[in-house]
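In what follows, one protein chain appears twice in different forms, each by itself as structure tokens: structure 1 and structure 2.
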Structure 1
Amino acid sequence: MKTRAIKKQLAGLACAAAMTLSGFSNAEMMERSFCVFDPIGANGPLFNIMKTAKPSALGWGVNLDLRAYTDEKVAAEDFKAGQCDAVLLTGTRAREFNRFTGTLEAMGAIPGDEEMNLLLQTLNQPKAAALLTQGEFEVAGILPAGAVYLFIRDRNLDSVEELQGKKIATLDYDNAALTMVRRVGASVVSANSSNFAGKFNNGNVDVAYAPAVAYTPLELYKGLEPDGGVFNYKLAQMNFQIIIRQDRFPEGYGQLSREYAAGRYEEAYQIIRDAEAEIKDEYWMRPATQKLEGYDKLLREVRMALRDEGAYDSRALTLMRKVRCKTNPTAGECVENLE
């Protein structure tokens, strides 16, 4: 208790110091609410990372009142209702506030960390700001959350073809996932970010999909016992996005916040590496190499179909193709230019 009290005092002193250095008086300081989705709540890693932004925000003239949400849908609804001035959501949930950045989680669009870094560096440049604003909303930071994998209760299902007829916990607000599950002939079992893990661990579904950072906090290892596995193919790259209501913040706040978020990337990648290392080696299922090209082709077809339906932003898909072609210039898609 004593240690906790000392930490609290130090945090208070840091905030006071930030206010002093900022030159803003209490009267000039904007009081703004920041609703943070973290499945673990106020003790979760996301909430803690967002707390560290508070002193920097004070320096920009904003005193953030952070509120933890374990239900992402409620956080998004409260933001829409004006009960939060800013919100932290997954990229897919954030799509309704910015279709461009909401497309960054498109399936198969970002193969790895190198491509993700290139993409984020591009979007953090001031000249990209127009892409990050949609109506009254602005994306004030994107944090990588790692690759999304299939978690399978029966490791005998070792190919996409064998998913036919199986039950997959599917985020019911994600058109892309619904399309993909139906494309492979599996059955959609409606789920959300708060209950998909329970459905998987209790055996109500055969398959779920999630990044490694969800493995330990949501106890997905329970659903892997005794015969399950994690299919080692990167379906997508998950991210978290800070969305602000632009007119509630000082001019230039969004760019400052994005640059602050960029300074936390290495910390985010370390969390991802640690989380992937927590998955026991015997759980990883290695897909046959000759199958990978077919999986890539399937995901590309789904991306283009969703683009044509208006779910994905064509500019974002083009940018991500260019990023892929920068790291793999001999790929056939670099000549075809279909995205």
Structure 2
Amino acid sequence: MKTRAIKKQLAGLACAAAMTLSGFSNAEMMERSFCVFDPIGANGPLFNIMKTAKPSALGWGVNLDLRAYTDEKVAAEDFKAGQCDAVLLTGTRAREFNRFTGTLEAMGAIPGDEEMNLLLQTLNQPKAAALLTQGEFEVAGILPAGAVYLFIRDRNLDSVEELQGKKIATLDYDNAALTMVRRVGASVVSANSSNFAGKFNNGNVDVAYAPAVAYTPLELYKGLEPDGGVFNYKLAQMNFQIIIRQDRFPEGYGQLSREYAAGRYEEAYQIIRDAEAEIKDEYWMRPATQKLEGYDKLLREVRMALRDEGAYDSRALTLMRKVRCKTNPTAGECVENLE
């Protein structure tokens, strides 16, 4: 009798071990909704990338039900209201769910791809998980979308001082952008991702800012003709973030998802490189190094002001300063340590 009981226990253990090794049993599979913002919808590139993640998520015990949103605001609201268990948003929109990662789009904080990569890899370490969790929300992946550039209708306008009084299409839900535009003395023309290109191409604004991936699809070259230019200075690094409600997913899901996202970086960088190469060489405006240093300083002041106002997370700014100092250790800011 005793032997039979032990055999039964062993069989149970073997069964459990087999289930663990083979992944998750059907009974354990979680059905979870994932609201994906893609400006093009279910046929768009972001939705497609998230669809590609489904088999991996299945292996982690989650069957994702993907829903396309063409309006980012609605996606964020549905997520907040509990109608989505996970959401994909731009870094700026994600700020309300995680101030730390929401600060990664801070102006002038990441000067290039090398620094962006270093930053993302740093955040993918398991020990960074604490920074990626805020209340019930966890950032389960960050995907780079490329640098944001200034698109200018008149290339004679080639310094920040000359932006004074000029109309800039500004995302009105982004406090940081509003602060920056006011700081340089320009006037805010309220815009969103659907209408900024039209305003720029029609001449309703003098300046717009966007990542290179928007250039060809939205035909921003039309606004650049005949005398415009693209200011070759990386204003910020746009990114997309996957935010999950931690209690709705298995333990460790966030880390697995972040590692999956990390596996897609090269694909994302290639898309960005291709998009930047589509901007004709003659459109690029290359400011002098001396001026660039001035802009770096100006943007740093704005970042610190926004940090003091509570819009930016000070830990994120410190981390990004460390990243900059790793690639450029002789910079003055590496001694000043103001961020």
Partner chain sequence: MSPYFLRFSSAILHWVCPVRRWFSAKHAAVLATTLALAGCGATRNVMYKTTGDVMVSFAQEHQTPFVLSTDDVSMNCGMSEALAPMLMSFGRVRDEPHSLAVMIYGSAGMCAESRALNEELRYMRAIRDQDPAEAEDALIAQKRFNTLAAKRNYEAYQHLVAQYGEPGGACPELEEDYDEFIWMMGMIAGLQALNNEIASGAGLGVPKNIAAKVERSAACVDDDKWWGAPMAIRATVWSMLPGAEPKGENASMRLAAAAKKGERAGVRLAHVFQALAAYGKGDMDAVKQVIRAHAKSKANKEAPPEARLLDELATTMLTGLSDRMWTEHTGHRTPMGALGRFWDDKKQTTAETVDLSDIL
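Residue 1 is the first residue of structure 1, and the numbers go on in sequence order from there. By rigid core we mean the largest C-alpha set that fits within 1.5 Å across both forms. All of these numbers come straight from a predicted model, not from anything done at the bench.
S.K.: Looking at both copies of this chain, which one is the form predicted in complex with its partner chain?
M.R.: Pick structure 2 here.
S.K.: Quick check on Asp227: with the core superposed, does its CA move 2 angstroms or more between structure 1 and structure 2?
M.R.: Shift at Asp227: 2 Å or more after core fit.
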